[in-house]
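As structure tokens, one chain now follows by itself in the form predicted on its own.
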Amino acid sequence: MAENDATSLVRRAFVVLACFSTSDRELSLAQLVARTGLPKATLHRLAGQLIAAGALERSGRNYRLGVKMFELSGAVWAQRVLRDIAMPFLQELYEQTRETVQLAMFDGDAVLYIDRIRGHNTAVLPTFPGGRMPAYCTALGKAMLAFSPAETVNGIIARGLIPLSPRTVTTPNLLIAQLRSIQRTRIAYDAEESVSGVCCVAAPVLGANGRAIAAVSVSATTPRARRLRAESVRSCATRIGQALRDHSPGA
């Protein structure tokens, strides 16, 4: 197989796999054709190859992600190292706050959620491990953006600050001012900017180079927002960062 053919095959395989999500666990061939734009015959052949590799499996007449994808996810750094090291600290933070605690990384322009702890009476959020939200309107995202290269921030601003709620910050100068404040305090806030009725406090997990590796947050409904203790969140993120550096000195 020529190099270009191999590249094309890999790209198409990822396009197919990316069609699945927690809300779309099973998809028919027709749905995959509609979402990928690939010819039906090509997609049928590619799906067969992915099934043979264990990346997909059949569920009646539909397709779903195969067990091989679950096995591979365990080798991902965010799952194998970051989550495992962070979890004891996240559990302590939850015990202190009894509100929804989340761990996330920065992925492109978005926050990629790694893990979450929530109780019976905590805020119901539209986020979940493996899900994404725009970085500019979440406390987690702003905590990481404040410690990211300037070109990353400028790129997000250039692509537009689209509102997710009536309180989303859409003015570039105001966002930049928030990020400068976060650089000083290592605390980021989201006052109903991404979800109406929910407030959030976050802090960055910093590597040895001063860049954000990840971020930790606590979210609560607006009436309970005063209970959130920013210092507890910042302390949790700081301890996770130290534990990561102890585990991997170059982190």
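C-alpha atoms forming the largest set that superposes within 1.5 Å between two forms make up the rigid core. In this text, all values refer to a predicted model and were calculated from it rather than measured experimentally. The first residue of the shown sequence is 1; numbering continues from there.
Same protein, other form: the form predicted together with the DNA, not shown, and the subject of what follows.
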*Considering Lys68, Arg64, His44, Arg211, which brings a non-hydrogen atom within 4.5 Å of the DNA in the predicted complex?*
His44
*Considering only heavy atoms, tell me if Leu9 and the DNA come within 4.5 Å of each other in the predicted complex.*
yes
_Just checking whether Leu29 would be counted as a contact of the DNA in the predicted complex - the rule being heavy atoms within 4.5 angstroms._
yes
*Classify Lys40 as contacting or not contacting the DNA in the predicted complex by the rule of any non-hydrogen atom within 4.5 angstroms, answering yes or no.*
yes
*Taking heavy atoms only, is Thr36 within 4.5 angstroms of the DNA in the predicted complex?*
no
*Among 55 to 63, 222 to 230, 184 to 192, 202 to 210, which stretch has residues with heavy atoms no more than 4.5 Å from the DNA in the predicted complex?*
55 to 63
*Does Ala13 count as moved between the shown form and the other one, where moved means a C-alpha shift of 2 angstroms or more after fitting the rigid core?*
yes
*Align both forms on the core first, then report whether Arg61 has a C-alpha shift of 2 Å or more between the shown form and the other one.*
yes
_Rigid-core frame, C-alpha of Arg45, shift of 2 angstroms or more between the shown form and the other one_ = yes
